[in-house]
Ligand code: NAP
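Below, in structure tokens: the form predicted alone, a single chain.
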């Protein structure tokens, strides 16, 4: 497969002549849209999946600032695109911009996968299901069997993960956010998923707490897995997500951050003896689910995994 030249396009370039993308050999028919987007590893494994499956198409990057996002979205059918992935900061705007969205995307408040259906745009969110598959693969346990503490539950990826945990019926969910009001509102919204005949009410199974050491320490005593959905750790100069003294060997720790392969949280967790994993598995599985949405067939997961890890 001959790659695009250049391998990243600006919004201006895309909007100036959307039809030119069909002239590449093979045609560019998929992309990840973000701001920034140069760091994205999605093209490496999506293009390998396309090559392996013999699909005459390729996947690129579109650098799109917020003010141009709506125009780029509406131009996808004209460009002959089959679909797109959407990353920061556009996921909420994508939900508002598609013509229809599935129930999980609506509940999570964001879209990360778009299917072009004629002139219509259909929105999905594969982040939560991708995380669930990654946790099952990394730790050999399902979300529904875990007591979860989720850091960064105020919106974005954190909200999607919280919705996934609720829909899967996890044993307990602790929502942690620096703006407590957002976590409390989400807890109230998700409370109906946690009603149980075995317990007196949903308050025992879903709680919202502030990002305070005392609260974290108390709730971690009753947690099986700690999931970081904040952006802290993407840069080596970031402060610690939580104090290392709160991490123990009995915890599973999953950091959705994958830049650089490790993070300070994962290093601290490993030093404490905890089993831990970074967000590459979530990236891989959400991308595989996107592939399945676009092509209505199973994704070649092993080939995608090899391509992703060789691109690190």
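Fair warning: this is a prediction, and the values are worked out from it, not measured in the lab. Numbering follows the first chain given and starts at 1.
Note that the form predicted in complex with the named molecule isn't included here; everything after this is about it.
Exactly one of the stretches 173-181, 72-80, 218-226, 94-102 approaches the named molecule in the predicted bound form with heavy atoms within 4.5 Å, and it is 173-181. For the three residues 152, 232 and 283, a heavy atom within 4.5 Å of the named molecule turns up in the predicted bound form in every case.
Here is the short version: of 165, 111, 84, 157, the single residue with a heavy atom within 4.5 Å of the named molecule in the predicted bound form is 157.
In the predicted bound form, the named molecule lies within 4.5 Å of some heavy atom of residue 257.
Proximity of residue 193 to the named molecule in the predicted bound form: non-hydrogen atoms within 4.5 Å are absent; the residue sits far from the partner. The named molecule in the predicted bound form is not approached by residue 43, whose heavy atoms all lie more than 4.5 angstroms from it.
Interface membership of residue 211, defined by any non-hydrogen atom within 4.5 Å of the named molecule in the predicted bound form, is confirmed.
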